[in-house]
Structure formats: C-alpha cells, structure tokens
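This document opens with one chain alone, in structure tokens, the form predicted on its own.
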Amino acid sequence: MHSLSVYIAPLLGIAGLFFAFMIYRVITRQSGGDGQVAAIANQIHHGAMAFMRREIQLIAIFAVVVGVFLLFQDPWVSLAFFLGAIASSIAGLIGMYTATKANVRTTLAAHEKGPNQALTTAFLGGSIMGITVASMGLLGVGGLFVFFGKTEADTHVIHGFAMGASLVAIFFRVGGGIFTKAADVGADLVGKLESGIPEDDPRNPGVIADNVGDNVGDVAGMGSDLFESYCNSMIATMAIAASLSAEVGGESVLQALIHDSGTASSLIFLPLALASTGLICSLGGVAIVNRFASAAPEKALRIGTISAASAFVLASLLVIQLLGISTSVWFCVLTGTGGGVLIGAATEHYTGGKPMRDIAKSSETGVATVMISGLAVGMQSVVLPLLTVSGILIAASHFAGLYGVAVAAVGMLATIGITMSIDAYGPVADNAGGIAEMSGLGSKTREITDKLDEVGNTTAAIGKGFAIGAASLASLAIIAAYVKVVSANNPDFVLLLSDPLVLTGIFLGGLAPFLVSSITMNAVGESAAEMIEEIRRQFREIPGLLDGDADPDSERCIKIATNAALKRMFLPAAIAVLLPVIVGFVLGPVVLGGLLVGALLGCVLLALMMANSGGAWDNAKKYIEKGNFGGKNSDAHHACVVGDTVGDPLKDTSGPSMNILINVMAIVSLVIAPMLST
C-alpha cells in the first residue's frame, strides 16, 4: 500500500464537507418567505437549535467525566474520544441547522413552483445531513488512521473515536426521541381525539413542538445513530485485521486474504478505502435523484439509492484488487450491501404492504384489535431481517472469517451518504406540510407536501430497519474485535456456552434492552402527560383559541418537551456506558463477553419489533385518512389514532435506542479490553 494512499480518506472527507456546503448555498438562495410563513419557520428553527445547544452543553459534562477517566489510562485514547464526540456533535448540528432551513423552502417551492422543485429542495436539504455524516466519519477515522494506523497497539487509539461518537449518539437519539414523542403524543391526543381538530392545525399549542421534535429526533438522532455504526464498523474491521498477525494461526489467515502484492496493512486500510468509495458513489446518487426529480418521488429516490449501491459494489471490486486483497473479501462486501437491501425491503413490506392494510381493516372492530394485530405484525417482522443477518454471517465468515463479517458491515454502511440523505428527507417534507397547513397556503400546496410526506414516512421506516441491521452487524464486528483483543492479552480466554460465567453474562445482557426500553417508554409517557395538561390548559384559559381568534403559546410547549427530554436522557446513557465497565472489572472479561452476546440479541429483537409495529400503526392511520374504512373522523380512524399514539414511542424512542445501546456497550467493552484480565 502506497504511503500517500492513507491521506485519501481524510481528503475525501474534506471534499464531501465542501459539497455539503455548496448544496446548502443552493438551498439558502431560495426564498425563505415572509410574514406568517417565515414566523412559523423561525419558531421551528430556533426551538430546534435551542434544544441542541442545551443538549450539547449537558453532554459535554458527561463527556469530560468519561474523557478524564480515559486520560489516566491512555492520553491518546482520551484525545480520540473527544474528537469522536465533537465530530458527531458537529454532524448533528449541521444536519439540524440545514434541515430547519430547507423545510420552509420546500413549502414555498411546493406553493410557487410545483412538486418537482419541492422534491428537489426537500431531498437536497436531507442530503446535507447524509453527506456530512459520511464526510465527518471519513475525516475523523481517516485522520486518526494517518497517525495511528500502523500497528495493533496504535489502532487501539482509534477505538476512542468510536466511543466518543457512540456517547453523543445515545444522548441525541434518546433525548431527541423523548422530545419528539412527548410533543407528538400530546398534540395528537388532545388535538385529534379530544378537540376534533386536524393534524398540524395552528390552533394546537403542541404543533410547533411536534415539528421541532421531527428534527431533533429524526435528523440529529438518526444521523448520530448511523454515524456511530458507520465509524464503529470501520474501526472494528481495522481492529480485527490488526490482531490477525498477532494471534495463533493468524499468518495463515493473512495469506488467504491477500495476494502477493498485498500486505497486512492493506487489510487494515480496506474499510477506509471502501467508505471513501461509498462516499463518491453516494454523491453520484444524490445527483441522480436530483436529475430524476420530475418523476414520482418514490421512483426518483429508489433510482438514486439503487444506482449508488450498484456503483459501489462494482467499484469496491476494483479497490480490493488494487490493494492486493483476495476477491473472496469482495463477496463479503456484496453480501453486506445485498443484506441491507433485503432488510429494507422486508421493513417496507411490513410497514407499508399487506400487513399494514390488515391492521387498518382490524380498526373496524375497535382499538383492541388494532393493538393486537399491530403487535403481531411487529413480532412477525423480526423473522426476515434475522434470517438475513444470519445469512450474512454464514456467507461472510465462509469467505473471510470474522474479518469478512466486519467487512460486510462496512459494505452495508459504505453508501451511508445517500441512505441518510433519503432518511433525512422525510422530516424536511413532514415539516413542510406542517408549515403549509399552519400558514393556510391552500389545499393544492398541502396535496403536494402530503405526497412528499407519504414517501418520507416509507423512507423513514426503511431507514429504521436499515439502521437496526447495520447496528447489529457493526456491533457483531466490535464484539469479534473485543474477543481478539482480550485473547491477545489473556491466552486462556475463551467463551463457551457450557461455562456458567458466559451464561450469567448472557442473562445480564438480555435484561439491559428491556430495562432501557422501559425507562424510555416511561419517559415519553410522563413527558406526554405534562404536554397534555399544558395543551388542555391553553384550550381552557386562552379565550378564542379553539375558534382561531387567538394564538397559542407554542414556546411553553417547546420548553416542556425540552426540559423533559434533557432530564430523562441521562439514565439510559449511564446504563449503556457503566454496565460493561462494572461487569468487566468486577466479574471479568468472560462474563462481559456473554453480556455483549445477550444484549445484542435482545436489542435486535426488540428494536425490530418496536420499530415495525410503530411504523405499521402509523401507516395504517394514514391509509384510513385517505378514505379507506370510513376515512377521517370515523370510529376506525379513532382506533388507529390510538394505535399510532402507542406506536410513536416504540418506533421513534425506545426502538431506535436499542441500536445505540448495543453499539455503546460493545465499543466501551472494546476500549477497556486491554485493561481486563482473566
């Protein structure tokens, strides 16, 4: 591997940030409106940014405590940790800032120029987040690789970057999830069910907070989620490759994975090379979506995604050959990329296909049958993704062992630029519809934004399924790296199912996702109760509010959601960080290994079930609102609104938290692995 090639990843990261800035310039050149439209957009923007500032200030305190602990162990790991936290925070801030600028411009584009320009604006607004996430990951991990990518001891420093990114991710995901669902549940229950007013009605005090929540939960939260999985998959692959030459029999494995022109360092560098290739292909995918904006929104987004993934698969073969690596490793890339597509397709089927329509039909017999059918769909939806992950494991390990599993995770996440762009497009389109409704821009504009939002709901559901599959593979790679690092320091270390210590760890790991899910669900319930009381109070005490003759106090609702989220996000984060530390140092690395296995299985199962149940309930409600089974304000609609309300914290708070939980626990275990002794 040529010495200059190590600079490719950070340089491409810088180039990607430049492209993101240029897209931002294109968006901000469009009119931001004036009068009521601008006022509503400013409320959403300032509310979102205020929440982010307060959240980052609190995260900084927690990060300093963790960073100081790492400082006493290894100053370089501590530095990498802070860099990872800063990179993740910057990516979230940029994505939030631009999404809350693009939403109103999407509204005005729909109103003044029609659906094509509205789609272009919404997608470009989301693409800034996607490109920024990929670019910051390449800049951070690639920059550290330049200095610490030569030996196994050096690559351990880079693990700190992943830990910093994961720490920020759990706060962003949990805090944003609590905020958005407290506002959403409160606004829906009081507005739709009690007062009988439509969604996004300007009379509802919780509507602005709900729009703010879409950004803090689905832009910053999802971005940080995929950012940590993206970085973790690259770093775990490096760790496994670096440990191959040190372990017994590792030399023979190395010889099987490289050709005469390849070296062990080529295997360490490969994840960065693949991610760099993925960023280039993602930029091409963004351009293709923009080119096909005149087509139906779902068609344009699908063409862009498939084009980027196909180009990446072909280009990765060339990259692998240039690095002198065996073609068998390329099959691992193909397996991971294909697996991501299959998981997305399965998610789309359960949340938008016949199972969703069956839930809608069950609403004709009341709330109870809606709840039963929705839970059944969520449970069944676990099967295909788990079969896919199992297939990836078998195939990838067949071609290249544990290293192949890690490469498959990189392959799934390499085109994160386009994947995250399409996911972030959803909240921008959703906000655009809310602004159109609150501004009274008319049914024609709302019809355009509703069509964009409908596609956005589908992409959001697919994005959640993809994020869960990516997190499972990334955490598997980290667990494999943990086992290798501990084994290198402790020759007697082994994980056997017949060992009571391993079984103890599995049970301890299995309880973690249920405990965190319970905490986050209760957090949403308690926060929503505060929001409901405030909305009811305003309807009672503000004269003329329900008649449209007075303005609601939206700032008060934003403040309630902000305080509730910030107060309740610390306990889940503390469990994720401290549980592996306590188990590792008190009960030992064997129990910790079992803990990671149990937590992984529990997190994946719960995440899929909760995300798909919630997504199916949400889309069933929208299916009825189109006129099916009685349409809006029918008994069937009311039953599905209840299902959607229950599903909201499942799909947007507790479910997504599982991705972060297992990745945080795994990366913390990998960071402390050199300190553990059997």
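Since the model is a prediction, treat every value here as computed from it, not as a measurement. Position 1 is the first residue in the sequence shown; the rest follow in order.
One more form of this protein exists, namely the form predicted in complex with another copy of the chain; it is left out here, but the text below deals with it.
At the 4.5 Å threshold, heavy atoms of residue 593 reach another copy of the chain in the model of the complex. Of the heavy atoms in residue 585, none are within 4.5 Å of another copy of the chain in the model of the complex.
At the 4.5 Å threshold, heavy atoms of residue 47 stay clear of another copy of the chain in the model of the complex, well away from it. Contact between residue 338 and another copy of the chain in the model of the complex is not found at the 4.5 Å heavy atom cutoff. Though another copy of the chain is absent from this view, in the model of the complex it lies within 4.5 Å of a heavy atom of just one residue from 393, 94, 77, 83, which is 393. Interface residue among 27, 66, 642, 59 relative to another copy of the chain in the model of the complex, by the heavy atom within 4.5 Å criterion: 642.
When contacts are defined as a non-hydrogen atom within 4.5 Å, all of 371, 380 and 609 contact another copy of the chain in the model of the complex.
Of the candidate stretches 51-59, 36-44, 646-654, 620-628, only 646-654 has residues whose heavy atoms lie within 4.5 Å of another copy of the chain in the model of the complex. Shown here without another copy of the chain, the chain has 594, 597, 598, 600, 601, 605, 606, 609, 610 in 594-632 lying with a heavy atom within 4.5 Å of that partner in the model of the complex.
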